[in-house]
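One chain follows as structure tokens, the form predicted alone.
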Amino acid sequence: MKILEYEAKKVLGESGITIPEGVLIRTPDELTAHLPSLPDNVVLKAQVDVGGRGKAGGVLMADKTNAVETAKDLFSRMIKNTPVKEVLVEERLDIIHEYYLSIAIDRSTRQVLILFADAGGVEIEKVAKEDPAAIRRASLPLIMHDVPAFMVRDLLGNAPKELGPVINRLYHVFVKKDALLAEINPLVTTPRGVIAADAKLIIDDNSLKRQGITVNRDLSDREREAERFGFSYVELEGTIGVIGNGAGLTMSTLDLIEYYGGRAANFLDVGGGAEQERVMNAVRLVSSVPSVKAIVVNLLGGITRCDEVAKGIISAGISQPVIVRLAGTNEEEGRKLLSDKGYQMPDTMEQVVKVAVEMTR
């Protein structure tokens, strides 16, 4: 789960990393009471979970004379289709130089990967592509309590040594918060020291309970509903709903849809041993996606009984066509139930997908 900038900065501040002085507001009028304690020049930053926020108009400069009006303007905006409900108002920093620092998990090596660059405030992916040598890297196992001094020196290169402690403090945050990514971009030097001008923190969903987080804000309403039912569910952008049992079978169905020229609207693994009510809930959930024009149900009956699957599909009572492939335990009973209700049941996975793609063209 991604946490917002002001939340990430609070975590960094508690770890000993210097952050800008600022205040969070939820209405423009709130800013009036804070103006006496703020410096003359400020920056207003929309707290929205989108990339490229600055280019999209989510970061505005102001001074005390026009800060409230600027806040009203920012609250009225949509930043990449996301409404602005919170704004972080901070001191405008006197920046000498900007750097980039991030810590993430390198899945290929199963280690921590630290990236550092002398150019911050930029799209690091673009820098990595155009000038890979501009980014210095270090890898270490998570069993390490600190980043070794020699690694810190190699990462910094000719950058000021005052940046070194920030690397270790960010590493401590990364470990303590079960993070997948901890990023400061830019990490800046100023006349009064090193400051994290921006911050990003992504926490592993599997650790949310341990971190005291009760609601995963990254989930859509449907994803949250799927979580309640215990489904493995991901929303996509196509027109064909997909329900399978087993991640491999469900992914294969998505691949076939793409192969035959269609686009899947979701991934839903209903799990093993799915009974009537569980299948019914899965079908209704997928049918509630506005873009879904047809649904593919591809289920193999092992501990899952095909007749229970058939009853669940029928009881869902949805308006979109459902194309079904059933094989395995009680297959004949399940196919008869569906056949009596007029459902299409091609014999193979490929045929099921072809029918669905043709329906949605």
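Note that this is a predicted model, so its numbers are computed, not measured. Residue numbers here begin at 1 and follow the sequence given.
The protein also exists as the form predicted together with a small molecule; that form is not presented, and the subsequent description refers to it.
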message: Only one of 86-94, 221-229, 255-263, 161-169 has heavy atoms within 4.5 Å of the small molecule in the predicted bound form; I'd like to know which.
response: 86-94
message: Although the partner isn't part of this model, could you tell me whether A294 comes within 4.5 Å of the small molecule in the predicted bound form, counting any heavy atom of the residue?
response: no
message: Within 4.5 Å, heavy atoms only: does P321 come near the small molecule in the predicted bound form?
response: no
- prompt: Is T239 close enough to touch the small molecule in the predicted bound form, meaning at least one heavy atom pair within 4.5 Å?
  reply: no
message: Within 4.5 Å, heavy atoms only: does K311 come near the small molecule in the predicted bound form?
response: no
